[in-house]
Ligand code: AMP
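One chain follows as structure tokens, the form predicted alone.
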Amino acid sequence: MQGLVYDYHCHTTASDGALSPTELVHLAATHGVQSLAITDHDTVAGIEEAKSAAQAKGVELINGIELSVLWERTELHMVGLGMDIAAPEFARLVMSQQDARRQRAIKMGQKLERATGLKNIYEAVCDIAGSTAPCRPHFAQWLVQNKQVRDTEHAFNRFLKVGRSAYVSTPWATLEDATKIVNESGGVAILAHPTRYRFTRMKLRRLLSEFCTYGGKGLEVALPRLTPAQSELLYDCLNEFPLVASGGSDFHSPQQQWLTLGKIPALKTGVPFVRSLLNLSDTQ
């Protein structure tokens, strides 16, 4: 549906966002968002709360998740939309992903204790996150609060990103398995923020070719802050592969003023939109 204000990629306190599901829905409504998917990292814990808020605000809420997956030993992110979150295989996948996050967090805490000389870091980060499976931004927040780094960016650059002392490689589900489970649960599997991986054009095409053979159906192309060259590349990929377009702000916090819920580029005319696969009444 032309003119629909949507956002199919955003985060709440159920993972590493700053707003509760209710607060996020209210903010989305303030920004005129009509259709919303909350896509927390490897969890659907915020969806039930969000449903009540969305109903009260007249916002269409679509079940969503952002899954961490492995492809050729590289961590990628895959958004799932429209799944039956009670489907047994999907529920098992989420439980497995949460356990992987929990074990990763324990190891990260141990590594940071060795690096900083401080104790009980995992437990302190769990308090910040309100979860036993905290995300890396929660560790970054702890590092800032304990004056180990200047800010969140410094935390990642010094300790948390790939190759740094507290980084932990994680046994996520494979892209193939996660895609199949999302499909079997009635959802649509979408490759998230494809330019963020900094793949060559050839490697991205190889990834998308395999993704399609696994049953992948979508590609995020409506994203903030893309360069013209990046946008052209993604539309070229849409033309080459049997994929529909999706998009979202990847909103985490109102402090990120460059990311506003629902403020994403309009899709080009005639581009197949993910709503056409979601059994919804309106399609673009």
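If you're wondering where the values come from, they're calculated on a predicted model, not measured in any experiment. All residue numbers are counted from 1 along the displayed sequence.
The form predicted together with adenosine monophosphate is left out here; the points below concern that form.
The single contact residue among Pro194, Gly109, Gly82, Pro137, judged by any heavy atom lying within 4.5 Å of adenosine monophosphate in the predicted complex, is Pro137.
In terms of contact with adenosine monophosphate in the predicted complex, the residue from Ser209, Asn146, Thr152, Thr74 that brings a heavy atom within 4.5 Å is Thr152.
Although the partner is absent here, Phe156 lies within 4.5 Å of adenosine monophosphate in the predicted complex, judged by heavy atoms. Adenosine monophosphate is not drawn, but in the predicted complex it has a heavy atom within 4.5 Å of Arg101.
When contacts are judged by a 4.5 Å heavy atom cut-off, His41 counts as touching adenosine monophosphate in the predicted complex. Using a 4.5 angstroms threshold between heavy atoms, Lys217 stays clear of adenosine monophosphate in the predicted complex. Residues with any non-hydrogen atom within 4.5 angstroms of adenosine monophosphate in the predicted complex fall in just one of 184 to 192, 124 to 132, 74 to 82, 200 to 208: 74 to 82. Within 4.5 angstroms of adenosine monophosphate in the predicted complex, the stretch 13 to 32 places a non-hydrogen atom from Asp16 alone.
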